[in-house]
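Form predicted alone, single chain, as structure tokens, below.
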């Protein structure tokens, strides 16, 4: 293209005004989306990407559809967009699939809080009514969430967007359940579950948290033994006393011996059980067990075929076995029980400062009550072994690599996974339960009516744990099993997500991809940390330190927010984000804008079709630029965005704007090596604008539309080639 600046009377009008991100970002994103180039099929169709190019695939961790994005979401959108834009510019067949998560339990809790404010309760509604209200609420909020993703510059393929309650997703999740049931990897059974008495549902291990508490620890006289517990309210049905078979202190007692002891509500018969699970060094080395309300006690009872009796109901209140305490919530009953035991002389001593970790619901902090419940469980051991084999074989890389050990630990110490949830908002479990013998059957086609025993089969009302569907997401998001996308884009290239999901989500995606398609889900796992406030404190509404990414974009520009989230933010580590840091990168955007104006003014009259010539001084600068591009290309491929972003910042601000611009301006003014100086300015500007595009897509695209090009084939910057050479 033989365009020179002499053909223009003045610089472009927009460049004569200060950069305005609010005026620029909306129209540019609209232009990107309407171009179709977020879709790799369009890129191939229009010759931007070769049909046989290597695929690069990212599956977006689907944000909850129940509300707006928080600044943590802005980090993952930024990181994944950087990966996507870089690989698209490298000519790869690049696909970033967006999604939205119905977020079963979490969304239902959000809606229950809304109901509480309205003076309503989900327990007063029919399941159908509650589901419809939550659905309407979610779909309305889903639009806001998607708009937020767009505002942050995400170059994802919206034509392929998936919602975790799309009909095809629901169908395929249920088919996976059926397949696993037939493969004897799913079973129905009475086992200990984590029960939240507030929300009336069971939770998996990864949906619980441990909080350190200081509680009294009581020592009671139990016949000839002294036993210890922090939970006297569970002890009404304790009729087994357990000790280690090698504990010489209790050698006179034999396994199976029976004793009558005075207890809370009178004498009971107790049986001696010898089991190696007992820690001889803890307390007195002897304990009674409550198999219905303790995982350890349940396992002991299972080994020895012992009775199990429920003491606490599903709402956290004592059952009739507690006699005079029946119907009282356990939190209120505890001091009353202790008072009675003291009157009977059964309290030996009390340690009032017993510190221990208490399992709680991760959403409401209600203390989890272990309960035995008939639920669906996944046999994790065979699935976990396959995941370990894949990681040990080096098929999956972790960034940072120390998270590989954490992944392995969870797979080596896995327990069977409870996938039943007693909520309406989610994917229904396609199963029937016998009303007579309680046997469970998979029935995705809803055709079974009678059990083998002759009993009536009743439809299971539970829904899946959200992680059961989300675990299949790398496949489901690509249309598994019927879409050709699965064959082209799976395994995916990278799964970028928060480091807290190393034991919640990552393992499940690995096991499901191996189980369903016999291949890894992704080649690389990139884990980011939390985004905290400027003091390093976790953001929360109660602290009043929550930052909205959209508000920050409005104030400083999306590009500035993205740079503040990436520069110096090493994978796996938490980030302290301040408005001052974002403001600094807003100034950097202005520096880029002003520097471009300066360059275009000083290369006035330059013929872009003329041969490139550099004097020695400028050649050194160009060689340094070549070295920089080579370095950052390698670092981009290694996912070292925190390094590249900082290098590019300094290359533009310090080297280019601080040194080269001034030097070249003098040369042009004095007409000394002016051609060399102009080419140096032009090459530096165009190269750095290209390299900065994945990080600051809006301002770089705007500048690219203004800067004259060397060829007539001027394209959107988002589909230009990455500057691998200068």
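Positions refer to the first chain, counted from 1. Owing to the predicted nature of the structure, the values given are computational and were not obtained by experimental measurement. Throughout, rigid core stands for the largest set of C-alpha atoms superposing within 1.5 Å between the two forms.
From this point on, the text means the form predicted in complex with the RNA, which you will not see here.
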| query | finding |
| --- | --- |
| Region of this chain that lies against the RNA in the predicted bound form, out of 594 to 602, 610 to 618, 170 to 178, 379 to 387 [heavy atom, 4.5 Å] | 594 to 602 |
| Residue (of 428, 91, 228, 316) lying close to the RNA in the predicted bound form, criterion heavy atoms within 4.5 Å | 228 |
| Residue among 130, 509, 193, 287 with a heavy atom within 4.5 Å of the RNA in the predicted bound form | 287 |
| Non-hydrogen atom contact residue 671 with the RNA in the predicted bound form at 4.5 angstroms | no |
| Touches the RNA in the predicted bound form: residue 28 (any heavy atom, 4.5 Å) | no |
| Touches the RNA in the predicted bound form: residue 321 (any heavy atom, 4.5 Å) | no |
| Heavy atom of residue 586 within 4.5 Å of the RNA in the predicted bound form | yes |
| Contact set, 459 to 498 vs the RNA in the predicted bound form - heavy atom within 4.5 angstroms | none |
| Shift of residue 178 between the shown form and the other one at or above 2 Å (CA, core fit) | no |
| Core fit, then residue 558 C-alpha moves 2 Å or more between the shown form and the other one | no |
| Post core alignment: residue 571 C-alpha displaced by 2 Å or more between the shown form and the other one | no |
